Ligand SMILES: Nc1ncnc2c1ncn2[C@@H]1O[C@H](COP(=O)(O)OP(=O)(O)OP(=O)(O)O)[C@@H](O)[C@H]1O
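One chain comes next, on its own, written as structure tokens: the form predicted alone.
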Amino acid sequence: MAGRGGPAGRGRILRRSRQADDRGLLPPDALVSFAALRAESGIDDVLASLDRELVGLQPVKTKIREIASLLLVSQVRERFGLVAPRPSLHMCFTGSPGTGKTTVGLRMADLLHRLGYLDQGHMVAAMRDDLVGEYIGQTAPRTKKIVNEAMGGVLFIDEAYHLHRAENAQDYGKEVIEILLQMMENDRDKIVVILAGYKDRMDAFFEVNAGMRSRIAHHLDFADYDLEELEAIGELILGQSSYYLSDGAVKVLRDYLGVRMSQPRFAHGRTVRNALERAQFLHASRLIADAERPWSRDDLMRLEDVDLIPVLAAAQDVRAA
């Protein structure tokens, strides 16, 4: 696993001034510093972005740091001639919609590229309809096209359990699974596959697909957000667009989340974002409606309770229905 900085860059990890041999290997008594290697790879930027963009999810973030640490150590071990089998990094992300799985997938692709594990830092997202054809002969070309697009990076398959339909023995999803199994084994040095979906459904999927289960090395569970975490997500979303909530609007948002958390199709961070984007439209309409009134910079940033009350009312109407 080659580092990204070239021989000169890798030389900066040395704490003792000793030259590498003709094979590029360090002498056994050389000392190395991981601080310089971390800075050179830029992985701290990726890890910091996860902390900025995602509220909570500490077990997920810890696992990502463990993977980064293993790959950093592997780079240095190779410089000493300590060669080990390349670790398999195919993964399964489980959790409810809107808990950050896609965001983490994107950051994982970037991280693995910076650490030299993947040639590229891109992610290709796909679902059943992207992979499975409607007629005989369509599925293999469709699947191989998506796989080729993802080669060198990450293939992220959301709701992966839909590939298996036990009630239909002739379902073409079985062909997708067979292609993926072969690719995950033969091309594991060129691509990382992430399967995502609800935990109970993914568990059932692995029960009937032992080959797939054996190829997934890492399972990351994205826990549901509680009310305080959802409010923090709201603050984060608004801050990125230079908005904030008045005290009254904070209370209305809390009431809204209390209603939506008990309803079907609640999507955690995605639901928070949708509500706040709707409030921004209502805020803009309110300001424009009073066109003769002078508005301050703070007025342009502050969402009031009246901007969120219609959002809450719509949610309450759904519950009443």
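Start at 1 with the first residue shown and count on from there. What you are looking at is a predicted structure, and each value in this text was computed from that prediction instead of being measured.
This next part talks about the form predicted in complex with this ligand, which is not shown.
Although the partner is absent from this view, E40 stays clear of this ligand in the predicted bound form, with no non-hydrogen atom inside 4.5 angstroms.
In the predicted bound form, R273 approaches this ligand with a heavy atom inside 4.5 Å. A residue is said to contact a partner when one of its heavy atoms sits within 4.5 Å of a partner heavy atom; V132 fails this definition for this ligand in the predicted bound form, lying far away. Using a 4.5 angstroms limit between non-hydrogen atoms, T143 is distant from this ligand in the predicted bound form. Residues with any non-hydrogen atom within 4.5 angstroms of this ligand in the predicted bound form fall in just one of 89-97, 213-221, 186-194, 76-84: 89-97. A heavy atom within 4.5 Å of this ligand in the predicted bound form is found for exactly one of I233, V154, L163, L245: I233. Interface residue among L47, L282, A36, L54 relative to this ligand in the predicted bound form, by the heavy atom within 4.5 Å criterion: L54.
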